[in-house]
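So this first bit is one chain, no partners, the form predicted alone, shown in structure tokens.
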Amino acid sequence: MNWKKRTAKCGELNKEQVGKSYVLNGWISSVRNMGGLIFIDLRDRYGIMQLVIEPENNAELAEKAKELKSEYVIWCEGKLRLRTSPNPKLPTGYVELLLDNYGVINKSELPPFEIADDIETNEEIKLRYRYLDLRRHSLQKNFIIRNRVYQTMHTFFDEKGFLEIETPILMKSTPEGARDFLVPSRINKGKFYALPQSPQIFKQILMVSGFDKYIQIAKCFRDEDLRSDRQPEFTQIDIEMSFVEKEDIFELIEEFIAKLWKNVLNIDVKRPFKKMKYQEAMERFGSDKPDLRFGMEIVDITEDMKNCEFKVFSEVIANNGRIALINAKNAAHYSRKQIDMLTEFAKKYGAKGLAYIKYDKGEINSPIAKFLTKEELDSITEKANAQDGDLILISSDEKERALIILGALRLEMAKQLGIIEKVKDDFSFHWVVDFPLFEYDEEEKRYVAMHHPFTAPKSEDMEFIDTNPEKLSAQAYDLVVNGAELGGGSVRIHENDIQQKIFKLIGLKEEEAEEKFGYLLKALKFGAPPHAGIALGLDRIVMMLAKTENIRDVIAFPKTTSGISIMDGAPSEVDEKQLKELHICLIKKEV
């Protein structure tokens, strides 16, 4: 097949090249026959160039052009000239290529949807034809950003003396937290590898090995229920350092984030980042990853309601619960139907109901007003700093649940009232620190690690390790931006005896700890240095930089929320021969 290689790209020609001849390669975006002129928009990943055929001067080429359709791949050649009707919205909008000749390199069937940035198409169809969806410039822009993140990372950490070291993809299964993806071994009958949820243990062992600065762009896998910001396989920037404290991690990561935002968005990030204790984040915002770009903070009114005769409140207080509120400014216009919808929303987070007070023109409108004294109502509106037009939403529940409910309502109201839209271009970075080391799992009746069981307790809390483990705080930290967790890390346990105590506290018997983590415990006996690290979610970082809320927009070939790759049909059934080789027998479902 004869075709001509491009001498320029569609997006790089401008007024300075007018009068010169070029060969372009690309996909036809559209063909418009205007009678006197034929216009063709040619697209590659660099941009769009308008091509022109003049039937009056080139009748043969104009006749031939009747074959052209959208998404045909062509080569074309011609002379660049100024447009008579410029399009300033396009970088190439002042010029066009007057065609002398072209050739079809490959034809295309009619696409199932138009390849355009502003078109609404069912996501399932877009994922089925992902190779077409990826031709859209808006998606390609995300991967250009992703590539820039890669290049910035490599350069930044190389200059800081870090070594990029790959850790195994096939590793030992150590189910603690999310479920592992298991890989059967054909050679070792009845045994399985696991795909890594994180390179955590291996990077700690690298610290024992003397590699004091490790980094890796790591593929990780978790077999868990998915959400819009989760995928079964994801990518993280994995970092570990020896002979450091958490402040060293903060300084490094803040410098890296500032570099990223400058390189990609040309934004100067203010440093140092704010630091907020976990308990403060929960008390003020009802979340361990609060969005600090707006107020609407939680106000506790439990003490104000302690003598309240309203049964709903008094019973909660008697059970050592909490009464708290948020003030949704200028939302008193909400109808009963809208408030009912907010109540249903709150129930998703465990609420039994939702009390409210509309404060308008100095008057209170609320179904609970008749159960409260004037002093109690005045106290609520005063604590809420209520002004005309405000809507006060009140949660009464178990202490932490009341905060979580209001935290979720805070974000929902910020979306509904357009507050998030107003601050969408702002970035608020901060660290959340001093997490509890453990949380108690009522279902399993045991302590579980809030981050992971390799996190070191704060040294000043070590006196509680044998007597009151619930008082232990973790040397853990999360990096939060605009209400999303960009990464998390901790100072690690580097002493064998402390690590064994932590395993015991989370319910691992000595033999079980040895069987699952014996290789780490052994390594900690051979002069393990103090070390700390962090894992940054690369996909989430790109989401932030690209200003998209869907993680599938920044992953080339993503899965659906049910973990399916629609384009290639994974996961799929395998034939009986493969199963026999792997010594696997499937249990048939009873009909």
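Just so you know, these numbers come straight off a predicted model, no measurement behind them. Note that residue numbering follows the sequence shown and begins at 1.
A second form of this protein, the form predicted together with the RNA, is not displayed here; the remarks below concern that form.
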request  = Using heavy atoms only and a 4.5 Å cut-off, decide whether all three of L37, Q50 and M450 touch the RNA in the predicted complex.
outcome  = yes
task = Look at the stretches 271-279, 343-351, 308-316, 209-217 and give the one with heavy atoms within 4.5 Å of the RNA in the predicted complex.
result = 343-351
query = From the list N188, Q151, T84, N106, which entry has a heavy atom within 4.5 Å of the RNA in the predicted complex?
reply = T84
inquiry  = Just to be sure I understand the contacts: of N365, S173, N385, T121, which is the one whose heavy atoms reach within 4.5 angstroms of the RNA in the predicted complex?
reply    = T121
key: R552 within 4.5 Å of the RNA in the predicted complex, heavy atoms   = yes
request  = Answer yes if any heavy atom of R222 is within 4.5 Å of a heavy atom of the RNA in the predicted complex; otherwise answer no.
outcome  = yes
ask   = S198: heavy atom within 4.5 Å of the RNA in the predicted complex?
value = yes
inquiry  = At 4.5 Å between heavy atoms, is E96 in contact with the RNA in the predicted complex?
reply    = yes
query = Which residues from 141-173 come close to the RNA in the predicted complex, meaning a heavy atom within 4.5 Å?
reply = none
